[in-house]
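What follows is a pair of forms of the same protein chain, given separately as structure tokens and numbered structure 1 and structure 2.
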Structure 1
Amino acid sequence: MKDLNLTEKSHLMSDTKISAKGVQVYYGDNHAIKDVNVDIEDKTVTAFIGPSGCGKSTFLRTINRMNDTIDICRVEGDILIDGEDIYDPAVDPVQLRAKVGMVFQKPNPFPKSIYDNVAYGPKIHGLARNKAELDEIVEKSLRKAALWNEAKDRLQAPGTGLSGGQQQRLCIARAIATSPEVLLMDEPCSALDPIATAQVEELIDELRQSFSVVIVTHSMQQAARVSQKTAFFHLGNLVEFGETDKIFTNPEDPRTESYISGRIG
């Protein structure tokens, strides 16, 4: 029995979902990310904070290989999800992005119906065998994105006809419809009003029960409200990473302290 407990213990201890080792990102000659090492936990919201141009969005995009779409971009080092190297040549980026959903700064619903926006991913990845299964995935995703009650009677209406906050929740529903394991959010509230922001923040807190959520945010208040772990980036370096409370109340690095207190930024 003792062995079993040890095994269980090590399993409980190894709840790392994403592991980055020695990650460097270059745009041509510009060294945008410098030797980042970080372990991101499952079922946790991790916030990336730091001044504009510090590399937080660039690093976020290495986690689903969005940087592959930029010709002059080069990524070095290792990024593992569940121990698998996502930059291995055998990995299909399209399949990877089904596993790692992404929500962007501005809501960007497809010019399709609400239903088709959510059904798009499951359709192309063959996740539903028939219309009934697709209906179920759409409903489940809209419920998880807290949009079902507002959208259920207008599923065939265009997604672009929703309000900004509803459009962003539709994009979240679209991102989670392929049952990803990781959800990346690049400043998902920066284009939203305070009420819509509060709704999305509440939603992020619920989503972490199912996903590892990584959010880039300019708002330190938002990072403090929604995340359990925070990473502070400055000039392409990961300066400090740890429990959100500790980063905000008792940071170890003077650069973190300067940013939190508003002296740099």
Structure 2
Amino acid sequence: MKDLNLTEKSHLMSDTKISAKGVQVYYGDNHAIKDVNVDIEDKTVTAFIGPSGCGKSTFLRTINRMNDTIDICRVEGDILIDGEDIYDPAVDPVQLRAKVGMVFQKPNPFPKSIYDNVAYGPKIHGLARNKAELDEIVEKSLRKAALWNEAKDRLQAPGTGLSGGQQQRLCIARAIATSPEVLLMDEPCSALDPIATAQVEELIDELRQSFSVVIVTHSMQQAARVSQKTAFFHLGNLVEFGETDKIFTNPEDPRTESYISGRIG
């Protein structure tokens, strides 16, 4: 009886990681995100799907406030992480981004060595006390990102000298090296071959044990494979959000249905 209570409680506490309430995003006059309300759970993978230009990346970037760097971009509404409003004036976006990691749509490694790419985050956040610890973090992150075998002999080689898919995995390694609580991934597999994709999907599944992962993808199969929850965006609206299985087998909205069956694109 007591035990049950405890598990129930911990389940409740870990329930909602990110909660968006009435989020509107404008690029100048362009209303890119229209009144989105969504609760993203902890320790789950949430997939954002939808046609190109519907605002998936834009909404993803509101979660770590990367939109702040775009001058014309304006965000309204509230986004809570662990119940704290990240748009509160007291919140320092730099601190937020250490907690909410991001992998971008286009691979963007630093023009430094592979090692330095991964070590940069831990270094600036003081996560390693010495070189040995840093080495360990770098190795662990590269292993998780399925890049270790290819990179272990050329850690000092420039990260920009890797192939597109390897660069993307390097960016994933870089993002997880800081042990974020939430990982935002914007089409992380669009430049990867099926084997690397499978490795990254495996990684995503593993990451789910400890963090909440939000992934944008154009591949329905991928969304179906890796995610537990799926959100379908269309023209800036969050059309439907729910269990992945349900969205793919039995969507409520006709637009979701037509998108999944390939009629909107």
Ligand SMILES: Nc1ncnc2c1ncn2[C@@H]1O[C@H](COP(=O)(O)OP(=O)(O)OP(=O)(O)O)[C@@H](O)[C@H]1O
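For the two forms, the rigid core is made up of the largest set of C-alpha atoms that agree within 1.5 Å on superposition. None of the values given here were measured: they were computed from a predicted structure. One-based numbering along structure 1's sequence throughout.
One chain, two forms displayed separately, with the form predicted together with the ligand being the second of them, structure 2. Once the rigid core is overlaid between the two structures, residue 221 counts among the residues whose Cα shifts by 2 Å or more. After superposition on the rigid core, displacement of the C-alpha of residue 201 between the two structures amounts to 2 Å or more.
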